[in-house]
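Before any questions on binding or motion, here is one chain by itself as structure tokens, the form predicted alone.
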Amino acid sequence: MKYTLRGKLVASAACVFVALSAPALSLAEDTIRFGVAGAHSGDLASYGLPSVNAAKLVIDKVNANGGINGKKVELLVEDDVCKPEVATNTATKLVSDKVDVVLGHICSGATIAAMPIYKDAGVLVMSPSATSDELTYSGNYPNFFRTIAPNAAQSPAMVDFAIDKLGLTKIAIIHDKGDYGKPLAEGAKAHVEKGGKGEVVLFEGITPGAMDYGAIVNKIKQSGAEVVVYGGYHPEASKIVTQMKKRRMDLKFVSDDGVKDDTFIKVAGEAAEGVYAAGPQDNSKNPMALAAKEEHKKAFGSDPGAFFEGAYAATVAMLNAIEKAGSTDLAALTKVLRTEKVATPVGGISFDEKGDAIGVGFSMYVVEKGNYVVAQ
């Protein structure tokens, strides 16, 4: 497999790629150029690196079996650090390298920023993790698909779990003001108000990257909330739950797939215990998911991280579409994706007219003894 790695990687992240290292090779005209874009360094690298590993595992097998329609698949990796301003450069670089399809991006904000560039170039993009409703509901990006359910499904899942399963009705909804967390929180607020079974006692945004969240923790305490519903990523969530624990605040914390990551548990430590988070549906009974997990363990010596199954599924779906279409033309690929079901670690999937995978959803998880397990 031809493998080209671009974008800066911090030392801790670079070690994940040891097994992938290969001399940089020039792009060849007889290959299918498969891009992987996402956070491969920085605080959110744990979201992006599993997608690179997933793509490599699938592509290695495809190439070992002769490639697709007589062509080998070449992997092009670009780091966007989950930042919109970097993602536009990432997308421009991949397009200039004549990428055929792209797995990514990872964060919703970065994905939204990059999509106009791919749209203009007629490049198929499929994300395992970007849940923003804007990506599929707006109709602006007919070249975008995803193997994860949208925020429109995640917000109700979080709220219904807090109210119906935990029996908590006084809700503080907090978000990170970003393209992912804020709409998710707004959807949660609307769902509470529409359902009529709960009360939003606080709705407020925080500043990402702040060292201290004492002010918002005080507001949560003063609001009389029984549960916090948080829209955002794990770096901020870990600080908030840690400060809540220090103040001995006895209320539940329910969050999203941006927090359902082992890095959250490592950073928050004991404060992570009992935290609930939505995440991609539980696929532990899917034989392909189990096999993919074992492949990862064998190749990289560890369990796969966040969104691995969705990334593996997206890689399978896109390569299957290329094979069936006999082309990397966007219209031909789109037709296959919408009309043919393909077996993946997230189930047998095809895609609707918006680009959302049919049959995927969210499960709720809870931290128990230092691990996320399916919440009962």
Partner chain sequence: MDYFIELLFSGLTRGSIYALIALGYTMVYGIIGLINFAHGEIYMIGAFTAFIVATVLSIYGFPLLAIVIIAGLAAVVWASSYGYTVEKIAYKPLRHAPRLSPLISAIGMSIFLQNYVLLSQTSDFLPFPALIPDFAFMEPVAHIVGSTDLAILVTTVVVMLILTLLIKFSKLGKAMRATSQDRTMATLVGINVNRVISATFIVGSSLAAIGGLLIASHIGQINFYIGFLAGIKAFTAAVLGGIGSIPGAVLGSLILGLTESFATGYVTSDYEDVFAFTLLVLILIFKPSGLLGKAANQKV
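Treat the numbers as computed from the prediction; the structure is a model and nothing was measured. Residue numbers count along the first chain shown, from 1.
The following text describes the form predicted in complex with its partner chain, which does not appear among the structures shown.
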query = Pick from 247-255, 93-101, 153-161, 279-287: which stretch has a heavy atom within 4.5 Å of its partner chain in the predicted complex?
reply = 247-255
ask   = Is there a heavy atom of residue 194 no more than 4.5 Å from a heavy atom of its partner chain in the predicted complex?
value = no
ask   = Looking at the partner-bound form in the predicted complex, is residue 263 within 4.5 Å of its partner chain by any heavy atom?
value = yes
key: Non-hydrogen atom contact residue 267 with its partner chain in the predicted complex at 4.5 angstroms   = yes
key: Contact label in the predicted complex: residue 239 to its partner chain, heavy atom within 4.5 Å   = yes
Proximity to its partner chain in the predicted complex, single hit among 167, 142, 274, 209 (heavy atom within 4.5 Å) = 209
ask   = Check 138, 335 and 339: does every one of them have a heavy atom within 4.5 Å of its partner chain in the predicted complex?
value = no
ask   = What residues, if any, in 147-175 have a non-hydrogen atom within 4.5 angstroms of its partner chain in the predicted complex?
value = 175
